[in-house]
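Single chain ahead, by itself, as structure tokens, in the form predicted alone.
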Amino acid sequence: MTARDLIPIAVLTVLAALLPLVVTSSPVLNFLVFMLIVALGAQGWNILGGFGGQFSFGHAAFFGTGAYATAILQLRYGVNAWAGLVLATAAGAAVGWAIGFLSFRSGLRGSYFALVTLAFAEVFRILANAASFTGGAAGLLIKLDVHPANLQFADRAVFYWLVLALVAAVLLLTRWIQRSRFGAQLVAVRENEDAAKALGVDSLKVKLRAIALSGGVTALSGCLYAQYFLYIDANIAYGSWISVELLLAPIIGGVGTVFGPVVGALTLHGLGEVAKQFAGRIPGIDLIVFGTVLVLAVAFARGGILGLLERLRDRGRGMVARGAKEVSHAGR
């Protein structure tokens, strides 16, 4: 990676870090933290679905694994919250690798793989809802003990900065993937897996690395969700809502781009909150907004918001170039 690759990430991170110094409203900070958690999980989805082309409908399996693992490690075994964060992230990566091995080894791809991930997420939800170890239908409540050692802070801004730092770290990881040989192999598998194999790419190994990374990053977002709200149950951790959000954010922002998941998460939740303010607390108004934005993106912005902006920029440059050429001819 070069300095040119790092500057946009650094600028975005610094500007975002200044927000809590300007905005001190608790509801706004709650919104920003939740939006960043979704953006983090969406970045995990983007590694597998965006760069690798392996669309998943069940990333709740990884999100929930991270959330439940960190809660169980703290409540059942007395593990420190920071250590639990690391172990839960590793658990998400392991679950990702296991699901990937079973699926990719069987030759599943496309819609078949997407449906298998959805099935795994639903199985995990049913098991978590029934098992006493996970708290059953009642869920798990993490003890409120405000102390940095417990990953609980008196000031919401501190947790915001922590999540922001992790989002920035995953942005760097995504940029590295984009510029690396591994990223090139992922794109080759996405575009034409058979051709990639013919060129010597071990597609199974590449896809397993991608789904393990994707599962780990998504599990990390689940850990942060559980640690911030201090409560989870099966419908929260493994619910279809999170799979949908992690899928929509990259599609809206720009699949296979570094900043697409962040832009998509901000757009979706920003518009959702605006709709709630104007339409009142109408149940499901945010889902209506999500559906409307998705339809508009598919119809008019196939590459997402970032792709649309890039096309508009190129069109503007073309118009400027043609105008300059016409002026030059007129001067002659």
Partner chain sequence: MLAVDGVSKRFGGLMAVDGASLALEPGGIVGLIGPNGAGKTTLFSMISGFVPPSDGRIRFEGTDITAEEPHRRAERGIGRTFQIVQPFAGLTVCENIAVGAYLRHAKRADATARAREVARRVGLAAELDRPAGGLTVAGRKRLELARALATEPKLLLLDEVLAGLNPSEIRDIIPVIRGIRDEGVTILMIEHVMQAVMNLCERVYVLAQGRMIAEGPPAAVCADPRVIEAYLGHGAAARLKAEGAAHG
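Small disclaimer: the values here were computed from a predicted structure and weren't measured. Numbering follows the first chain given and starts at 1.
Note that the form predicted in complex with the partner chain isn't included here; everything after this is about it.
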Among 254 to 262, 240 to 248, 187 to 195, 221 to 229, which stretch sits within 4.5 Å of the partner chain in the predicted complex, heavy atoms only?
-> 187 to 195
Listed residue (199, 115, 123, 165) with a non-hydrogen atom within 4.5 angstroms of the partner chain in the predicted complex = 199
In the predicted complex, the residue from 111, 180, 80, 106 that sits within 4.5 Å of the partner chain by heavy atoms | 180
